[in-house]
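Let's start with one chain on its own, the form predicted alone, as structure tokens.
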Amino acid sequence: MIDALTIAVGATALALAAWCGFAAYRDEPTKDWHFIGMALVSLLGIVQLVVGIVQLAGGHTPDKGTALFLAYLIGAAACVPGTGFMSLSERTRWGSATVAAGAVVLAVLEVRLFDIWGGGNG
């Protein structure tokens, strides 16, 4: 995997978590600007998914196994879009809190993806 991409996804996920967490603290639902942030993080996740699949197709193998790597990769790509859709049905502060929690989960998934791939060896 590309380490810089993994760091970018994790960092933007944490920024989104802080932003939506602050909105939840202020008793605000997710707004259009939050969805733009979610779109950016989701786009990075999809790029990471494509890069991961291309690297697997090119013969690179994760240290901890291909099936585990693919499961985490797909989960990471789906995490923020899933919580974003959930926040649409919960138009209170809890919608923002849901997105914040999903973004934190994505950051943790990125750490795990880094470890599964080989921790900087690829």
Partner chain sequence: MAETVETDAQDTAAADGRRSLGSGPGRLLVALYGIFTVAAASRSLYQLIAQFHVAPLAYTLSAVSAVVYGFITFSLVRGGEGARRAALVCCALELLGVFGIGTWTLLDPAAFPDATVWSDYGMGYLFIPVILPVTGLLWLRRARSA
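Numbering follows the first chain given and starts at 1. Fair warning: this is a prediction, and the values are worked out from it, not measured in the lab.
Omitted from view is the form predicted together with its partner chain, to which the following refers.
Although the partner is absent from this view, D32 stays clear of its partner chain in the model of the complex, with no non-hydrogen atom inside 4.5 angstroms.
In the model of the complex, none of the heavy atoms of D63 sits within 4.5 Å of a heavy atom of its partner chain. Taking non-hydrogen atoms only, L68 approaches its partner chain to within 4.5 angstroms in the model of the complex.
At a distance threshold of 4.5 angstroms between non-hydrogen atoms, A107 is out of contact with its partner chain in the model of the complex. Contacts with its partner chain in the model of the complex, taken as any heavy atom within 4.5 Å, map within 14-28 to D27 alone.
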